[in-house]
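Here you get one chain, nothing else, as structure tokens; it is the form predicted on its own.
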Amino acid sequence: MEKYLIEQPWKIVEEGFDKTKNRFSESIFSLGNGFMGLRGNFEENYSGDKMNGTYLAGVYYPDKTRVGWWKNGYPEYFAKVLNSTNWLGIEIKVDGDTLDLNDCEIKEFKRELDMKCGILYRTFIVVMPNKKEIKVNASRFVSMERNELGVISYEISILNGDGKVTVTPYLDGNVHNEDSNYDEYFWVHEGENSINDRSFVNLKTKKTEFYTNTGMSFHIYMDDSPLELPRENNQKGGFISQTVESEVKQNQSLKVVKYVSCVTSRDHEITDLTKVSNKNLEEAEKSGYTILENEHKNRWEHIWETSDVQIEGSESAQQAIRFNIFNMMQTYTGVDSRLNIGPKGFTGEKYGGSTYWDTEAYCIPFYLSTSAEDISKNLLIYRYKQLDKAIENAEKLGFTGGAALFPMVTMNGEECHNEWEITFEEIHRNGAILYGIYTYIQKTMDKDYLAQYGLEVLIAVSRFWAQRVNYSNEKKQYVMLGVTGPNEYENNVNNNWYTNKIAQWSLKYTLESIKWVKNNHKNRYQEIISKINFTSDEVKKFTEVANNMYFPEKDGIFLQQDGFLDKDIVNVDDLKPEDRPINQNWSWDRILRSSCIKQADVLQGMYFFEDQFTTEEHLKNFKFYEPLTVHESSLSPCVHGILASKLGLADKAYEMYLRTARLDLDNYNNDTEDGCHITSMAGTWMSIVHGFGGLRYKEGEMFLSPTIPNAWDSYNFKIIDKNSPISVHVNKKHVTIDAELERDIFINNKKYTIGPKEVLKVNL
């Protein structure tokens, strides 16, 4: 863990430039708008260590699987969200020397992400090798209003004399992914061209044949007055630039405003890409930087109105929760049901930028409470549209009759994860898909979703579970062999408690849903069962398996899997500091034989299905498993924090909150340089709202059981409930609720009715 960034409520601030932390900072200062995004790279040349990254949502490449030993059923590829045309570039020369912070004496440096308005600022003063002292003020944003547009303002001054400044804005399509399995370039250059001083680069992906057009235009100003300068064009093999130069007197400022358009064949006809991009640039130039900036700020203002969490008493906690919310909102906007949420968003390449079970388990609750209901519904429809692929995935592994196995990792519904212990064995993800449907309906009461989309998914997944179990003659129950649970530090185990639990729950929820659709949408029910050839014998099978599932248990402890107590049980606090994190210091053999748990496993199930267990069962299992957990998954601390809040373990709840909230800002797991942990950021929000706030939804009813950390004076969160905003304020003495519409709310299980435009105040 490292404290490198300055703590401010609305800003992430880096003062001073540490080359060894550049990749870390590039991840932290990433920007996006749901359609595209980029890491916090520099506009000017930088020859030091860096990872350039510019990404377009939904544009991917099927990178051929690389494994040492091929196994039947392996996916043929791992989908990679592609590093696309670098549009940041503005090469700067002063009296012929190229500006490069790797070669300069840095006198001042400050980088600042303003989360309130979604703008990245950077200012620095350096002495170049030719002794010219220059100052740069730069700002940029990826427009939340015009999702195909990025804008840069870059201003340079000479502080110790006059000089000639050469400015070369460019687009560079000669890009590759650092995580390419075979060091392959995934793009084909389709040409470069210019229209009215606007420049364009056209690329096409190999195999998947996504076409992209990136266009740029720029204006030059001297002390904010427009400056017309001759331009020298240069283009070759996926690269295009325009160069201008001007004499600059001491303390004058030469500014370039660069507009960028990124369009793809996902949204436009291939033959129209250049035309659309040119139009985007033309409209951006007419609007100008200030109007575009104000549009963008207004959109962020609207986002924060319904999603902000305010904390009094801890600037560190306040900054952290806003950083997490900011990244969630700039990663996924929900307007395109073809898109989902990659674990790294637009901040890096790790995990391929693909969809994981994180979406249903962690992200849907966040968007359900901070955005319109359609946003979360689109995440469910995304899975529904990929149901046929999920059935194909199961067929490849030998399942029949319409059984579906949703992928661990995917872009288009096909499984593309290629570690056998995950691909074949981490099947609990199938249950998370159904849990996402359940979560959505519990809050919205949109049960019609079951008839329209959900029931087909539920039955297909339950068919998988019914085939995946074995009947044990010894135990006289159904067992699940050869699986990996959420704790990926255990592979190929029998009867992982969580996997068995979510399989059982899935079957029961499917049976309940069948009855509801049959009773309330008879015609649609007949249409579904006819389409998928569903029979009453399957209802019997689902019932039999659900009622006879085996769960390992001893003395009130739900055992993570068969044989877990055969291990040497060692608490994490007893490990040597140099052993942490164990995934970077231990052999895999040692990890597998240890009792160390990567993330919530049994406790994940107790969190999902909390009402099935007594307080005593919760407490006993929490006190057993949490001390064994190394929290080396970003998804771990939030679940433990929510459970600790429920159990009244205030210190542990706050410890877990700080860990999840500042996971990336403080680089807890020494891996932020790969990109931020976007999907776990939803868990940070859950730690406050579901943890400290105790928010739950049951059959459309809203329940709160608020607590407040000792370190805070108060906190306030906002949620969208029945498409209307509600504000919840908690201090040491009271919870105060402000609602626009009349609403029944249960606080500590006591029912209150709040009228429209009323404020409800209840003693804690």
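Residue positions are given as counts along the sequence shown, with the first one as 1. All values derive from a computational prediction rather than experimental measurement.
Although it is not shown, the form predicted together with a further copy of the same chain is what the next lines describe.
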In the model of the complex, the residue from 117, 481, 619, 381 that sits within 4.5 Å of a further copy of the same chain by heavy atoms: 481
Listed residue (239, 221, 586, 607) with a non-hydrogen atom within 4.5 angstroms of a further copy of the same chain in the model of the complex: 586
Non-hydrogen atom within 4.5 angstroms of a further copy of the same chain in the model of the complex for each of 21, 44 and 125: no
Option from 27-35, 729-737, 63-71, 698-706 whose residues, in the model of the complex, bring a heavy atom within 4.5 Å of a further copy of the same chain: 63-71
Distance check, residue 424 to a further copy of the same chain in the model of the complex, heavy atom within 4.5 Å: yes
Residue contact check: residue 568 to a further copy of the same chain in the model of the complex, 4.5 Å heavy atom: yes
Any non-hydrogen atom of residue 111 within 4.5 angstroms of a further copy of the same chain in the model of the complex: no
4.5 Å heavy atom contact, residue 590 and a further copy of the same chain in the model of the complex: yes
Residues of 380-403 having any heavy atom within 4.5 Å of a further copy of the same chain in the model of the complex, listed in sequence order: 396, 397, 398, 399
Closer or farther in the model of the complex: C-alpha pair residue 422, residue 464 (3 angstroms or more): farther
Closer or farther in the model of the complex: C-alpha pair residue 422, residue 592 (3 angstroms or more): closer
